[in-house]
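As a starting point, one isolated chain is supplied in structure tokens, in the form predicted alone.
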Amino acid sequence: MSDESQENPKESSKAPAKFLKPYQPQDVEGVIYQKWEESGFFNPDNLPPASAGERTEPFSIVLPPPNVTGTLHVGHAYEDTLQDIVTRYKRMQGYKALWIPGTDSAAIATQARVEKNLQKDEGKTRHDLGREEMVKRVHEFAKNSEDTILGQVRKMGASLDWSRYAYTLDDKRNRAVFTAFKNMYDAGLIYQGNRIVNWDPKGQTTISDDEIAHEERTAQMVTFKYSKDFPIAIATTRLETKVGDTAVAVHPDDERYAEFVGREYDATFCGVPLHIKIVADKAVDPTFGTGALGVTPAHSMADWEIADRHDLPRPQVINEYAKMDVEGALNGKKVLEAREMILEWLKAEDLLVSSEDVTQNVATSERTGGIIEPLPKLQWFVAVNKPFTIPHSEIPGIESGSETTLKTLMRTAVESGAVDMPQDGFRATYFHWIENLRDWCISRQIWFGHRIPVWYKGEEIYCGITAPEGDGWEQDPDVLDTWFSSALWTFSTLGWPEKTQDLETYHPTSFMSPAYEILPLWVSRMILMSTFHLGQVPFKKVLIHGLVRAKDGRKFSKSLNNGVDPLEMIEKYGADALRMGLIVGGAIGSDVTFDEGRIKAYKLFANKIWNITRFVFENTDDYQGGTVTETKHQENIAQLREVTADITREMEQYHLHLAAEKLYDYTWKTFADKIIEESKADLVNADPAVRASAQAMLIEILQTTLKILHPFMPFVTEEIWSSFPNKGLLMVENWPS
């Protein structure tokens, strides 16, 4: 060990008075965060040189944007902590570290919240207000919610560059969305067509798969025949849709029904005339039910695809209000009432074969609670299987100017390693989702959001970034799925479609770590958008994290009344304790069990660091600088460097939970319990060289420990660091090498 590595100039004086009482995070966290913000160092343009000189290598993350309707929950707290640890670590390592903040308009959720308040407070609907006034009110609500959640994110200690804050509905992001739409429209990848969509009868809009909540309910599985001379029995839990059947499908290898394939039958089913064709299709599971499937093309995506293959008609028998739209007595009835009427008719006509109770997952709208109806609607879609020529590609295996598809881009980006997705289970989920991916419905029948940039005048259609010139043009009334705008997030936040310096420097971003719930709906679509529009992947590494669960393993939910307010935890124990309690819970990808007892334990740990510091200050007040000369002290420094190297290895592999555990063990069990105890005799040794060696050792161990603890516990470490003379901010100190 070189003498240079053991030198310590005079660092300390008598312990400041604040160390004479226990650490109180509530007294310092707000002040420290303000100091960080005022320093400007969250912005990488302002960072001081690192130990290696100027910061040239970028490291960038974009915050998964929380919804403006929400407040901070433990899932946000975990995600914010995880990404802040990585950002602070990279900043201390000398990277030009950028973490971009932002929020999502969450169009359907936000409008639904305002509509609910409008009905409750004024007894009005959005139609009473009109589009312009309604959108204005939703914007006002979103702004108030935005201020709330951003203040809460600050309380977690998130070192975000607030100067680059983005909102999915601000002017810059709106231009990016319109540009993306036009580019894809011009490439023939955005089209308008009639297809099956998830329709929310209560909210009167299409919704994405992610906005569906599945509720377990009891249903009746009914086996029946359409008429007495119909040769095959079929089974269903949705009798009301059977008046829209145009075929019965069987598996081509099912010998039970081979003689009937190709035959056609007429029947009057509960007053509705049907024409049924027997078809053979490999999509049918011969082991389920009777092995025969009643095909309702207008009310099932799978049946719609069977109809495509066999050229079947698609009569719609349920309308947008979940009421029957057919001939006879069923017309105008709600679907549940129609279901009961058909069951009674089957019994009366002696066509009921059997009926049994089954448990099924019913798709409901997460925002309104309405039961989802698959309906054919004229909507806007992104074509994922249509070939196009990609002008520019940096993705291995995809050449610039070659023909490809969006689905191929999404698959190749990960297969090639351009996106490092190391978690095998999530890779499998990603590829499975892509293989089964259908064209993406991107239009929504609400008023709040990015309005589709298409205008009509008579038979003319215009798609553009700005409105067409001249009179008589009417813009499409629908808005875009909120996932369309958030899928542009990694590059729209960096200034695209402009060719900005930020875009050149920080894209592709370095790291992304969202929850596994949005792997298909957000991670996959970010890859889709970035590879198409930039020919780049959106991020170099993605690590999917798990959910934060209650101590009993259940999900946090309003219905279970088991939610935890992270702000209450911060008020009780401090942000550092909450951060450590969440991160130590498990590896990235595993679910994290929330345990308030663990949070409390890390408050004690913060106080332990405080007490260690008091001891060091009190015993180095006469330190004049010098060298770690004693062998046992040198051995302790050598062990510290081994621990630092071990922590660094864990950080490089994103084993944040292991790094946190090892930091805790070293600080408490080695530094406090062993090194400090053994140093007490040396600190009163009559030989001043021995005392000076012990002092130099304690100062070096304390300062290095504070540095490697800082990404995890930024507040207490920064507060302690500020008590050393002639020190700047710990957040921009160099990571120990």
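Keep in mind that what you see is a predicted model, and the values were worked out from it rather than measured. What we label the rigid core is the largest C-alpha set whose atoms superpose within 1.5 Å from one form to the other. The first residue of the sequence shown is number 1, and the count goes up from there.
Omitted from view is the form predicted in complex with the RNA, to which the following refers.
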{"property": "The RNA contact at Tyr321 in the predicted bound form, heavy atom, 4.5 Å", "result": "no"}
{"property": "In the predicted bound form, His127 touching the RNA (heavy atom, 4.5 Å)", "result": "no"}
{"property": "4.5 angstroms heavy atom contact with the RNA in the predicted bound form for Pro201", "result": "no"}
{"property": "Exercise: Gly94 in contact with the RNA in the predicted bound form, heavy atom 4.5 Å", "result": "no"}
{"property": "Contact test, all of Phe260, Asp266 and Ile342, partner the RNA in the predicted bound form, heavy atom 4.5 Å", "result": "no"}
{"property": "Position in contact with the RNA when the complex is considered in the predicted bound form, options Gln501, Asn144, Ser590, Ser163, heavy atoms within 4.5 Å", "result": "Ser590"}
{"property": "Residue (of Thr631, Ser400, Ser227, Gln653) lying close to the RNA in the predicted bound form, criterion heavy atoms within 4.5 Å", "result": "Gln653"}
{"property": "Which of 358-366, 269-277, 570-578, 467-475 lines the interface with the RNA in the predicted bound form (heavy atom within 4.5 Å)", "result": "358-366"}
{"property": "Partner contacts for 611-637, taking the RNA in the predicted bound form and a 4.5 Å heavy atom cut-off", "result": "Asn611, Ile612, Arg614, Phe615, Glu618"}
{"property": "Core-aligned CA displacement of Gln501 at least 2 Å between this form and the one not shown", "result": "no"}
{"property": "Ala249 C-alpha moves between this form and the one not shown by 2 Å or more, core aligned", "result": "yes"}
{"property": "Threshold 2 Å Cα movement between this form and the one not shown at Thr223, rigid core reference", "result": "yes"}
